[in-house]
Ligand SMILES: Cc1ncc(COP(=O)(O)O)c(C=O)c1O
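The data below hold one chain only, encoded as structure tokens and taken in the form predicted on its own.
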């Protein structure tokens, strides 16, 4: 009887493919964990000290729903340094919180939302929860969205495009030329864009990351502190966009998250002055290591240009699920590609892991291909 009470929106909602594997890790005796997108460096000392000070000074109460003014100004200044100017900024409970609020604010039942495939696991499910229809733009085999792919997918019911660059799971980073070509279609078709820029600092083959939010289109930018400053458990992000949307998202936040973490907001006033360049350089070295190792073993990975994942075809004879199951038997934990895709052909490695786990993982993969 109890299950009959469930709302339709959750009846077909499946457990996150990432969390399903991650929850298995503690049960292994000596696991090799290459699952979560979580930097293995620590939160910068200046941020930790600022958090302690904020707590001691009593900044433990509710903040304004939109976030403390000082942090909103700091975020706006950071975005201006990337040539991004939006009407308003709000602070969210992680980028995930921003995705929830923006999807609920924009998507009506039956609206089509364009999602390049592969995609972050949350996109598909959030669109469905809002009653929308996810429409997947197949970017295999090189994971680059082109104007032709975009234009073919647009119908009279298309509401918006959800774009993630640098991309999770593929590590693809759109170039200025590619973004400009997409913008021509977006303008012609009057599309709204949600730009998930959570990995904007993690680029390895360029000195900066282009953002579609810097173009003259209708766009909401989502960003955060979780990845850049290893603050995944602090749950702090931001949204920047037109006032008409930010204000509605703030109202939704009043009735859902209420506000973002108070002491974390004060601590993150120190974030933009923290130098993480050495950590990014270290991740680039790990990127090169895992990419070259996979190629040596006979895999055919696409070289990631950003984020900290590598998305690789499974060996012949496997699906993404059966390959991951075989790896788990050897206590190597990675994420099957169908968690991020309508295809069942790849697997994702997070190289934001310790050197020990990366090297041990390669040795397990060596036995798999033998």
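Positions refer to the first chain, counted from 1. Remember, it's a predicted structure, so these values are computed and weren't measured experimentally.
The protein also exists as the form predicted together with the named molecule; that form is not presented, and the subsequent description refers to it.
Though the named molecule is absent from this view, in the model of the complex it lies within 4.5 Å of a heavy atom of just one residue from 86, 261, 211, 226, which is 226.
A heavy atom within 4.5 Å of the named molecule in the model of the complex is found for exactly one of 279, 72, 287, 235: 235. Within 4.5 Å of some heavy atom of the named molecule in the model of the complex lies at least one heavy atom of residue 196. Not displayed here, the named molecule is approached by residue 123 to within 4.5 Å at the level of heavy atoms in the model of the complex. Using a 4.5 Å cutoff between non-hydrogen atoms, residue 94 counts as a contact of the named molecule in the model of the complex. In the model of the complex, the named molecule sits within 4.5 Å of a heavy atom belonging to residue 168. Just one listed stretch, out of 160-168, 125-133, 142-150, 292-300, contacts the named molecule in the model of the complex at the 4.5 Å heavy atom level, and that stretch is 160-168.
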